[in-house]
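Presented below, as structure tokens, is a lone chain in the form predicted alone.
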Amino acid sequence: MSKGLTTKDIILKSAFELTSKFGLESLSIGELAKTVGMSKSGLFSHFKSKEKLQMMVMDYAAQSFVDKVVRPAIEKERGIPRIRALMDNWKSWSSSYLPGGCPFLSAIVEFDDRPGKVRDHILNHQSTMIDTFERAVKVAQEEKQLGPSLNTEHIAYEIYSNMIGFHIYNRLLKNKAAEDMFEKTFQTILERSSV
């Protein structure tokens, strides 16, 4: 591994952690340079613009999500166990692994109404994430664990929305019942959708 690549990885890891805590928009080259112990010009040479840095941080977050959430879930039994693993892994990833929570959630709120390359990049990653949940639901249908006539997009929406609700109740509201509410809602979705 080259020194430049190693340096870039260190920068992206730090940027990812800062984004988790403070959001993607607040990520500044000056603050990041201070965090990693580099000059602003030295750090800037790796990314050329704040926009490019923001997109690369989202790429880094997406790779982390795949590594910590999706890949381990794919190793589980097809169908509902895999959906359950996706949920559990995501909760663990955003609660334990990240210092400030899911960076995608803050990025979505910050950029949902702001046209441009960064928004398009976030949208692309978010669409891929949602497609992953829709595919998991479809597999559960193929395994005859969920009703064959169900709208996979709708079920994925419910499961995904439950997860977003959990993040808000758990992290922002510090509601001690967040986990229980998540579980009850998740079970209700599955029971209503089962064959």
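Quick note: we count residues from 1 along the sequence shown, nothing fancier. Bear in mind the structure is a predicted one, so any value in this text is a computation, not a measurement.
Note that the form predicted in complex with another copy of the chain isn't included here; everything after this is about it.
Participant: Can you pick the one in L32, L53, A156, A61 that has a heavy atom within 4.5 Å of another copy of the chain in the predicted bound form?
Facilitator: That would be A156.
Participant: Can you pick the stretch from 164-172, 66-74, 140-148, 39-47 whose heavy atoms fall within 4.5 Å of another copy of the chain in the predicted bound form?
Facilitator: Of the options given, it is 164-172.
Participant: Does another copy of the chain come within 4.5 Å of any heavy atom of T188 in the predicted bound form?
Facilitator: T188: contacts another copy of the chain in the predicted bound form.
Participant: Considering only heavy atoms, tell me if Q126 and another copy of the chain come within 4.5 Å of each other in the predicted bound form.
Facilitator: Yes, Q126 lies within 4.5 Å of another copy of the chain in the predicted bound form.
Participant: S94 versus another copy of the chain, in the predicted bound form: is there a non-hydrogen atom within 4.5 Å?
Facilitator: Heavy-atom contact with another copy of the chain at 4.5 Å: absent for S94.
Participant: Please check if G116 has a heavy atom lying within 4.5 Å of any heavy atom of another copy of the chain in the predicted bound form.
Facilitator: Contact with another copy of the chain, no.
Participant: Which residues from 80-116 come close to another copy of the chain in the predicted bound form, meaning a heavy atom within 4.5 Å?
Facilitator: Counting only heavy atoms within 4.5 Å of another copy of the chain in the predicted bound form, the contacting residues of 80-116 are P99, G100, G101, L105, S106, I108, V109, E110, D112, D113, R114.
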